[in-house]
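Below you will find one chain, with nothing else, as structure tokens; this is the form predicted alone, and questions on how it binds or moves follow later.
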């Protein structure tokens, strides 16, 4: 009984992962892939072996296939995202010419470009799940705020070597876990973004900055801005959820 339950649990999660494939691919191959995974699990169980390594390998291989298929099925989107990331890269590139302490090398700009591209692709893949403008706007705000938080926090951690700053990554962890549990549905994403805003507010109020007054004031403004953006994204997802019910 326990073996069958674990197999059913693994298959349930695998079927959820398959939903990230483009619809034509999923409709053609999804059921067969799920059945093949189920057969592999049962064969492994019959030999008295665990499922963790098999699931890890299959899930990883499937995730690579999902990324490849999504890129293959939207070449125009990839080109637009690539050009948009290049345009976004012009901002730090131009700013570095006027800010005296800006010492990025080629590798720094390359990392920034990859980050911009990944965020853009994330928006392109997620936002097309629902046609409502509020869903698309909510995705954009959430990704922009999450990217800003991650980037600024990495800069501060590198500059100050203060390990307590890693607490800010808990906000992003809430977002990733919540989005996964919500399966990117608007109602679940609304709750996730409200939770992110609450965690961000709690950290900003409870974590002492230890910074000079001017810097502490700027940090407080930045924290408040992120709380507002996360909450605004949550309200947009709530609007999208209500729209989908009608």
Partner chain sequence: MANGPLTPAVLHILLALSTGERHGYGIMKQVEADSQGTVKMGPGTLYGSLGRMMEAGLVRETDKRVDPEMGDERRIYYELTSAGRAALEAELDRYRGVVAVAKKRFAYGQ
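Residue numbers count along the first chain shown, from 1. Quick caveat: nothing in here was measured; it's all calculated off a predicted structure. Definition used throughout: the rigid core is the maximal C-alpha set that superposes within 1.5 Å between two forms.
The form predicted together with its partner chain exists for this protein as well; it is not shown, and the discussion that follows is about that form.
Asks: Among 36-44, 180-188, 216-224, 195-203, which stretch has residues with heavy atoms no more than 4.5 Å from its partner chain in the predicted bound form?
Replies: Heavy atoms within 4.5 Å of its partner chain in the predicted bound form occur in 36-44.
Asks: Is the gap between residue 58 and its partner chain in the predicted bound form 4.5 Å or less for some heavy atom pair?
Replies: Yes, residue 58 lies within 4.5 Å of its partner chain in the predicted bound form.
Asks: Answer for residue 32 alone: is it within 4.5 Å of its partner chain in the predicted bound form, judged on heavy atom distances?
Replies: Within the cut-off, so yes.
Asks: Indicate whether residue 21 is a 4.5 Å heavy atom neighbour of its partner chain in the predicted bound form.
Replies: Answer yes; at least one heavy atom of residue 21 falls within 4.5 Å of its partner chain in the predicted bound form.
Asks: With the cut-off set at 4.5 Å between non-hydrogen atoms, does residue 62 touch its partner chain in the predicted bound form?
Replies: Looking in the predicted bound form, residue contacts with its partner chain include residue 62, since a heavy atom lies within 4.5 Å.
Asks: Tell me whether 14, 25 and 28, taken together, all sit within 4.5 Å of its partner chain in the predicted bound form, counting heavy atoms only.
Replies: Affirmative, all three are within 4.5 Å.
Asks: Pull the contact list for 106-122: residues with a heavy atom within 4.5 Å of its partner chain in the predicted bound form, in sequence order.
Replies: Sequence-ordered list is empty.
Asks: Answer yes if the Cα of residue 17 shifts by 2 angstroms or more between this form and the one not shown on a rigid-core superposition, and no otherwise.
Replies: Yes.
Asks: Residue 185: after superposing the rigid core, is there a C-alpha shift of 2 Å or more between this form and the one not shown?
Replies: Stays below the 2 Å threshold, so no.
Asks: Aligned on the rigid core, do the two forms place the Cα of residue 58 2 Å or more apart, comparing between this form and the one not shown?
Replies: Comparing forms between this form and the one not shown, the residue 58 CA shifts at least 2 Å.
Asks: Knowing the shift is 3 Å or more, I'd like to know if the C-alpha atoms of residue 32 and residue 130 are closer or farther apart in the predicted bound form than in the shown chain.
Replies: Closer is correct, given that in the predicted bound form the C-alpha spacing of residue 32 to residue 130 is reduced by at least 3 Å.
Asks: Given that the shift is 3 Å or more, do the Cα atoms of residue 59 and residue 184 end up closer or farther apart in the predicted bound form than in this form?
Replies: Relative to the shown form, the pair is farther apart.
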